[in-house]
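Just one chain is shown here, as structure tokens, and it is the form predicted alone.
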Amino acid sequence: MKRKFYFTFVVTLALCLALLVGCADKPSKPTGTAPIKLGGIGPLTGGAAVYGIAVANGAKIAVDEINALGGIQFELNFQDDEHDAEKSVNAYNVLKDWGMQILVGTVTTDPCIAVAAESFKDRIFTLTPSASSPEVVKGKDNTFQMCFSDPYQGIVSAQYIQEKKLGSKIAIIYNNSDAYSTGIYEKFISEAETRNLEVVSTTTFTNDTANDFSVQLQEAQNAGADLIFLPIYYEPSSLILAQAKATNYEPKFFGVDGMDGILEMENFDTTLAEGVMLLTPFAADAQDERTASFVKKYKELHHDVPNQFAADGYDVVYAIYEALKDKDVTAETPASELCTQLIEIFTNDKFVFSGLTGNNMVWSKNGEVAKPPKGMFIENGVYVGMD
């Protein structure tokens, strides 16, 4: 009896050891999924920091939500470019050395034009949250936009002003050294003529002269303008509002998506923006569940109401996720292969994405997105829908 038990024990032990030896040559199954590396670039410091910080915050919320789902995983590395093209290219090279597989950026137009040329050569898929000039995507099959294009904003702004009867005599102040501002202006002035809008004053400035707008405002006032169209970023807009107030000139002001962020400017008197109108793809006061959840989470994390750029950053990450979630891709998939797959998906008519900044979004072969803007105005320091 003891001998039989001993024999059985020895055989069993030998089998166990054999199994252990056999298993030692085989890699263990990974317990987690390595993340796909998303690079982000935008101004986190400097005059345009409101845009970049918002995009980074929104993108990070999306990454955390997606990773919590337990499927495909993302890692976000967001670099500061200070809204400078040369620094943006430097940030891109840092991310490339890190192993970036997909680029979420760049946030602002001129830096994105410079970086998109690099990502095109390197075959890294690029989805910019808010760089809206056609030059960003022109000739680059790997670059796509989440924000509607500058020409589209110019056309829709003229339509909106005319259809809503917002002004009878229009003045325009735009930045002729900035591709974003110039692109919107050119289409606005063309559409204004088509719609018989009376443009009584057109004045310009450059990045180097964006501190004194007394001449531009005086010309608009002398021409009897009751609405000033500002296809520019929020920083010069804030100075225009303050300087108009100082001279008791009180026309209506109408901006585009670059105006979004003015309420978050440090030391800006938000009463100066009372009644300012703008077009944007995102309304934080919308009542749908998706928007309400995002706004709640953003407020909890950052103690602020998210602007359009935060929503753009969020949507960019989710659009990439929706495109890849059912595909056989991993952290080891080369960036060039991901680029090829994402181009095919984004240019496929069957790929339709709904997010915070629009429903049923589709992309054209040239990388532009189709989605409607929303009219907003500022009341008591918050954005309120006009429609």
Partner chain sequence: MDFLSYLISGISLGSIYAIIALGYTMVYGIARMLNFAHGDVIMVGAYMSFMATTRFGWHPLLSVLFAMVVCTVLGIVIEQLAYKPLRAAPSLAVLITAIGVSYFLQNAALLLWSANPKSFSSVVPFDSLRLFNGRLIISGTTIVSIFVCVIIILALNTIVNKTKIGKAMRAVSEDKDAAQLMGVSVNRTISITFAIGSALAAVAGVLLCSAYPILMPTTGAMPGIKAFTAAVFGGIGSIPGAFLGGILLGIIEIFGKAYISTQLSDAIVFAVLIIILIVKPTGLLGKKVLVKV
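Residue numbers count along the first chain shown, from 1. Here the structure is a predicted model, which means the values were calculated and not measured.
Beyond what is shown, the protein has a form predicted together with the partner chain; the following relates to that form.
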Inset, instruction - Spell out, yes or no, whether the shortest heavy atom distance between Val215 and the partner chain in the predicted bound form is within 4.5 Å. - result: yes
Inset, instruction - State yes or no: in the predicted bound form, is some non-hydrogen atom of Asp226 no more than 4.5 angstroms from a non-hydrogen atom of the partner chain? - result: no
Inset, instruction - Tell me, yes or no, whether Phe188 is in contact with the partner chain in the predicted bound form, where a contact means a heavy atom of each within 4.5 Å. - result: no
Legend entry - in the predicted bound form, Thr45 touching the partner chain (heavy atom, 4.5 Å): yes
Inset, instruction - Among 122 to 130, 94 to 102, 202 to 210, 135 to 143, mark the stretch whose residues have heavy atoms within 4.5 Å of the partner chain in the predicted bound form. - result: 202 to 210
Inset, instruction - Sort through Glu118, Asp84, Glu235, Glu75 and report the residue having a heavy atom within 4.5 Å of the partner chain in the predicted bound form. - result: Glu235
Legend entry - Listed residue (Gln243, Gln162, Thr291, Asn90) with a non-hydrogen atom within 4.5 angstroms of the partner chain in the predicted bound form: Gln243
Inset, instruction - Spell it out for me: taking the partner chain in the predicted bound form, does every residue among Ile61, Asn348 and Val362 have a heavy atom no farther than 4.5 Å from it? - result: no
Inset, instruction - For the stretch 174 to 203, return the residues whose heavy atoms include at least one within 4.5 Å of the partner chain in the predicted bound form, in the order they occur. - result: Tyr174, Asn176, Thr203
Inset, instruction - Look at the CA atoms of Gln287 and Leu263: state whether they lie closer or farther apart in the predicted bound form than in this form, given a difference of 3 Å or more. - result: closer
Legend entry - Relative Cα spacing, Thr270 and Gln287, in the predicted bound form - shift of 3 Å or more: closer
